[in-house]
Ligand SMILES: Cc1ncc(COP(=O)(O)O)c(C=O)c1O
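One chain comes next, on its own, written out as structure tokens in the form predicted alone.
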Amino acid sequence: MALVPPHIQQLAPYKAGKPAEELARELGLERIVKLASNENPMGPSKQALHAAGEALLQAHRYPDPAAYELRTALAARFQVKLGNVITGSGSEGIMATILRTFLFEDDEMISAANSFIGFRVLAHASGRNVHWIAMRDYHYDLEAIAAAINDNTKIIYLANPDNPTGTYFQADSFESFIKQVPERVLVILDEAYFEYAAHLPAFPDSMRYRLDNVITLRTFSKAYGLAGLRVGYGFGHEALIGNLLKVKLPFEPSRPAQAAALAALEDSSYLEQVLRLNDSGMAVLLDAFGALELAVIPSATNFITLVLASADIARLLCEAMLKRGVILRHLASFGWPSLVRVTVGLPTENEYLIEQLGGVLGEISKQ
């Protein structure tokens, strides 16, 4: 009898973007610009850093397992009850809890092929049957996803905006889709990039709908700059959240993470600065990519995805830029071998990227 189930044996470990420290060691480079992981280049707010530091003084104490203060603040911000809010170690931590809580017997899942790789890993690790629906023009095909619902469908996962394409589905499409979803089917609506997309007039902010079979997931990892502390949160019907609270790990997020997230949530001026920086950086990069005749996918996030002529060119581009100290994300592992994802950085980082990119493209064109 095998010690490890076949569906686990077949999994490949998640491979994140190369850490800047690792690249510096390998190549002996002094300047590293990491634009691979959609991190906030500004770093955390000073208020969040101070709060985390104060919390570290109590590092010998377990954190509040109910995350009462943070959940209460989130409930007030988004005008829901405390019982509608859950927190976890990043939105992926909550996703894992959702799958452990609600899947049983012959339950199946549906999502888009080549969307967020984190959900794909969790879905395959569950051992359940998953229907992966092809994207249409780099967008979720909600009509095809709705058509794939069967008697065994339990969970549908939607990322809006999507990672790694940066695209989003609009309110009319979502409203048409959700009418076709039976109440017995749970929809996970992953809005990790909500803050970057919220201003778009057609963006379907899930909190406007308050649907009993939808769980909204958001995170402090992106716009709030707390990726290293792993703080995610979610909203849902109190019956759903109540069951999730029975299953989630009891002491997550950590004490410093809870304190930092609470402080970050209250620092509205910091978030405004982040969004302004992203808007200006996005404009600079789009202009530069246009001048270099690089095709891009329009993005509602803090990254831009390049569409290269072939998988070989995408690979060569990432390898050559790596040697120059610029870490980009080749999306072959997501199922997009001709795509390269570029995070919007600080102005100096964007400038360095643009400087190096022209030379690298010229070298590749000669090969």
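In this text, residue numbers run from 1 along the sequence as written. If you're wondering where the values come from, they're calculated on a predicted model, not measured in any experiment.
If you look for the form predicted together with the named molecule, you will not find it shown, but the lines that follow are about it.
A.B. asks: Choose from 83 to 91, 207 to 215, 241 to 249, 267 to 275 the stretch whose residues reach within 4.5 Å of the named molecule in the predicted complex, heavy atoms counted.
C.D. replies: Only one stretch passes the 4.5 Å heavy-atom test: 83 to 91.
A.B. asks: How about Thr219: is it within 4.5 Å of the named molecule in the predicted complex, going by heavy atoms?
C.D. replies: So Thr219 counts as contacting the named molecule.
A.B. asks: Is Phe174 close enough to the named molecule in the predicted complex to count, meaning some heavy atom within 4.5 Å?
C.D. replies: So Phe174 does not count as contacting the named molecule.
A.B. asks: Tell me, yes or no, whether Phe116 is in contact with the named molecule in the predicted complex, where a contact means a heavy atom of each within 4.5 Å.
C.D. replies: Taking the distances in the predicted complex, the answer for Phe116 is yes, it comes within 4.5 Å of the named molecule.
A.B. asks: With a 4.5 Å heavy atom cut-off, would you call Asn163 a contact of the named molecule in the predicted complex?
C.D. replies: Because a heavy atom of Asn163 falls inside 4.5 Å of the named molecule in the predicted complex, the answer is yes.
A.B. asks: Going by heavy atom distances of 4.5 angstroms or less, which of Tyr224, Phe235, Tyr193, Tyr168 would be at the interface with the named molecule in the predicted complex?
C.D. replies: The residue in contact is Tyr193.
A.B. asks: Of the options Ile156, Ala257, Leu74, Met95, which one has a non-hydrogen atom that comes within 4.5 Å of the named molecule in the predicted complex?
C.D. replies: By the 4.5 Å heavy-atom cutoff, the listed residue in contact is Met95.
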